[in-house]
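Take a look at this single chain in structure tokens; it is the form predicted alone.
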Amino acid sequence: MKRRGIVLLAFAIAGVNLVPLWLVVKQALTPERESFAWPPTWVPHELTLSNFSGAAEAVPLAQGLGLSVGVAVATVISTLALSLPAAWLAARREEVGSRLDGVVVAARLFPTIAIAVPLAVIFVGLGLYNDSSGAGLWLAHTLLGVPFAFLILRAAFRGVPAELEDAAQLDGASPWMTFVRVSLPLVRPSLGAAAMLVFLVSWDEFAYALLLQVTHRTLPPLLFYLSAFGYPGLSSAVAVLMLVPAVVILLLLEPALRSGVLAGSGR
């Protein structure tokens, strides 16, 4: 009986999450008149790709897609470059780790919208505000991504026995070579999980993208504007484009979630 209740609860939770996704996909692939039909239609009566072409005409969709991908990839690279040495140091030096933990927690306390305004002022002075390459947005997204990557990688490095690193250094390996050839390969699953999670954080981020990029928009603000001006079909088409990499990444992350790679460390 208890197991049956758990199964029913799981199906209920899945339904609550999947129904909105189905409606978004359905709206993206059906004419606009079906979006406003009452009572709502759950099964498409007519399939069309006109919403995708309409979205491309209404907003700079190709530019937004390219900018979203470019900023997300750059964010992953810079975030891992900063997080890897910090996470290793935190795992090997407890006093350093406790301080870095405090910095990471403090960085997540402030609402994004509160940080975006002073960042915009700074970026105006540096010439990075509304930059066509998204350089300012990339720096802002790196600030968001570092805490996530740091916590995942710190837990992973804590799972690597320090004796392996000591043995490598006794055999003549430099600290850098020990890190690259001993420690890094052992945390590869967590490294991949952190990279995908940071990509997803950047890909979905809205507040910085709205306030730091006025004309050169990524996909989330374009989706917001289409929704705000009453185009459910066009906005659903953009949402489907955003869902594709998100779903792929979640499917790739599923083994990591099941094995506890993202669970963190209680040490």
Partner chain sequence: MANARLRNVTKRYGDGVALDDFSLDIEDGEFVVVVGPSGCGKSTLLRLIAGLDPLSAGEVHIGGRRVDELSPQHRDVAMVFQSYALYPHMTVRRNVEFPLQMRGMSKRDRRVRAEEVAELLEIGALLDRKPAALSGGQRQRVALARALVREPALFLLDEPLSNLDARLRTNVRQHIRDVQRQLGVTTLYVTHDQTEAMTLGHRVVVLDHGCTQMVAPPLDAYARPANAFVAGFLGAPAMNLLPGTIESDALVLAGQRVELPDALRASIVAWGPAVTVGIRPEAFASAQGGGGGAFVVHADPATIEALGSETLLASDTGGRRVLIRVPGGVAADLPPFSAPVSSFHFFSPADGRRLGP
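Keep in mind that this is a model prediction, so the values were computed, not measured. Numbering follows the first chain given and starts at 1.
Just so it is clear, the following notes concern the form predicted in complex with the partner chain, a form of the same protein that is not shown.
A single residue from the set A72, L191, A91, V182 has any heavy atom within 4.5 angstroms of the partner chain in the predicted complex; that residue is V182. In the predicted complex, the partner chain sits within 4.5 Å of a heavy atom belonging to S174. The partner chain is not shown here, but in the predicted complex it comes within 4.5 Å of a heavy atom of A167.
A residue is said to contact a partner when one of its heavy atoms sits within 4.5 Å of a partner heavy atom; I77 fails this definition for the partner chain in the predicted complex, lying far away. If you take 186-201 and check each residue for a heavy atom within 4.5 Å of the partner chain in the predicted complex, you get just L186.
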